[in-house]
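Here you get one chain, nothing else, as structure tokens; it is the form predicted on its own.
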């Protein structure tokens, strides 16, 4: 019998976190299950800091609220946790402390709300004997085994609105307006927002681009009197034979992403200006894609995910990720989600072993983009 469960939200924030939390809490309340929330994700699990969410006002009125009422942590790899001892930085496996906390607190199930790195740690805790159910979160839409993650639709909507606004400036001043959006390994946001916003060029990580091809597209528009263009660039896009654009490298710990991307859009803007003669400007959307009110779609999707996750817990189906496949809620083993990335503690996404969901060339979005004349840089 499931009597007591806890939620943790981990990784970068997205719109929809709170709607998932609410979906879990409300379903738990309807089945007389106590529901708690760990503060700041895996960091809260390590520090054993949590609050009660059911039968309180904490989870009330949060459906339309962005962010996470229980916070979220980034770079908190408890399997290789960064600490300082005698003035030296050391990395320790503190996962057993987390396991002991869960057992001491008598939680029957932990819900992990997060992306591929979060679910990798979730799988590792399953190996250590904890009852885990994951919920797929990320604006990049790159979690394996599901058609869509919560937070993605809101990010696309924000990017589309930005494109709409850039269109007027581009047309008025005869410019190329470049919009850099998030998408480290996967170009879903760039591709879908480009289609929705009527962009002329979309450059994504899955297709190393030839800047000459993008310039040719813009020149053809000039030839028919269209002296402006809209270009959408994923932050992880890179030229053929080149590398991704990086902004900074940090020491956030082992087994986490330490390279900060940046500059892809600016690079494209400068090169297109030289090749076309049109003034080019770059706008980096950045964290605007993450925050704020979730769309109606994300509110419903998040609520469905939260309710389904609690339903799976009541059925004692653990070690799984809730997914949406062909329009229907389902679940898959976390072992499938992590792919070949089986080493305990190796949580960084985007590695050769990671099972990240990327855009494939036979995807309908790619076909649609090509059909309507969007240049993908190849």
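A quick note: this is a predicted structure, and the numbers were derived from the prediction, not measured. Residue numbers count along the first chain shown, from 1.
Absent from the display: the form predicted together with a small molecule. The rest refers to it.
Look at 104 to 112, 217 to 225, 88 to 96, 136 to 144: in the predicted bound form, residues with non-hydrogen atoms within 4.5 angstroms of the small molecule sit in 136 to 144. With the partner omitted from this view, the residue of 264, 182, 231, 156 that lies near the small molecule in the predicted bound form is 182 [heavy atom within 4.5 Å]. Of the residues 299, 123, 308, 290, just one reaches the small molecule in the predicted bound form with a heavy atom at 4.5 Å or closer; this is 290. Residue 235 belongs to the set of residues with a heavy atom inside 4.5 Å of the small molecule in the predicted bound form.
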